[in-house]
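First, one chain by itself in structure tokens, the form predicted alone.
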């Protein structure tokens, strides 16, 4: 019988890779699951291996399976284990990198692949933190961003074709908080036809990694706030970038080493323990949400309800059916009575908590115009559809009947 290490490797499914790939128990005193490696610096086995490690860190050579670690700001065992598991989440992925928040990941993308006095394109509306990065940091530093309304496929392609010196296209789909869906494949086709070959990056926090896989539609990088669905318990901050190119991830890791925004070992370990249950949680939350929105959609105090399962626009429906395999657990609704009505709804909730963030096991609700997107001018908010009467909900894993009762009684303000 051949020795175990001589057997051909299995081709395994993502759900198995999330648990078994990238971890060698023999390197962790035989423990069945990864331990926490809380060390700032690492001992080299030889001067030659130290030289090799620094050449890899500086991008002078490709890493090998036995490239040794240097210093925890660059990488550490828990980051490497987590990055291996994360890569399994996205078909077509070759590598991933972890960061100490979603905004750290997004900022690192822009500072790695965009240059001052050049251009990038982004969809609107967009997460308030990303908007703040663009308006308060990138724009004053002479990075020029061109916003395009989410879901406007022809407009997005036209802007891509016409924009010179183009480095990056940043798409958030569905959009936060209006749930408008943008055609990833159409953006990729336009980018590939552009002489600058700009990268296409998708913020997949709302739908992924269960209901949408942007790399399958040609995107170069996928970014997540791991604080949300990947972490799932509202108890850690984290950011993740997954790419179809090892080179792009190495570039991001190089910037990460300079900025010092790697995810720490303890948080890596916690996040790694959550990954095998992500799909189970997300499907449960999505099912809860579909049951709830179907029941409340005709309530007289709801002016409009935004959720992918309720899409009426034919163009939006076509994009949704092409690139999503589920509707997710985030929905927004416009309520009668303007801001006063929205605040009364929030005040009357008993189970669902009034808090920003989303994707946790608990249900949350917020008023975007005065919280997550409050830095944007009232006029611009109105143009983006983030009105005073809009609330956004993230549905958790509680019993949907209790959540439905809570929402219905809060709607009767």
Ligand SMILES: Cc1ncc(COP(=O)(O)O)c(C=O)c1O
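Residue numbers count along the first chain shown, from 1. This structure is a prediction, so every number in the text was calculated from the model and none was measured.
Below, we refer to the form predicted together with this ligand, which is not included among the displayed structures.
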query	finding
Close approach of residue 227 to this ligand in the predicted bound form, 4.5 Å, heavy atom	yes
Contact test in the predicted bound form: residue 86 vs this ligand, heavy atoms, 4.5 Å	no
Any non-hydrogen atom of residue 198 within 4.5 angstroms of this ligand in the predicted bound form	no
Interface membership of residue 172, this ligand in the predicted bound form, 4.5 Å heavy atom rule	yes
Non-hydrogen atom within 4.5 Å of this ligand in the predicted bound form for each of 211, 232 and 359	no
Heavy atom within 4.5 Å of this ligand in the predicted bound form - the one residue of 72, 303, 103, 291 that qualifies	103
Partner-facing stretch of 185 to 193, 279 to 287, 201 to 209, 89 to 97, counted where any non-hydrogen atom is within 4.5 angstroms of this ligand in the predicted bound form	201 to 209
Residues of stretch 123 to 149 in contact with this ligand in the predicted bound form (4.5 Å, non-hydrogen atom)	127
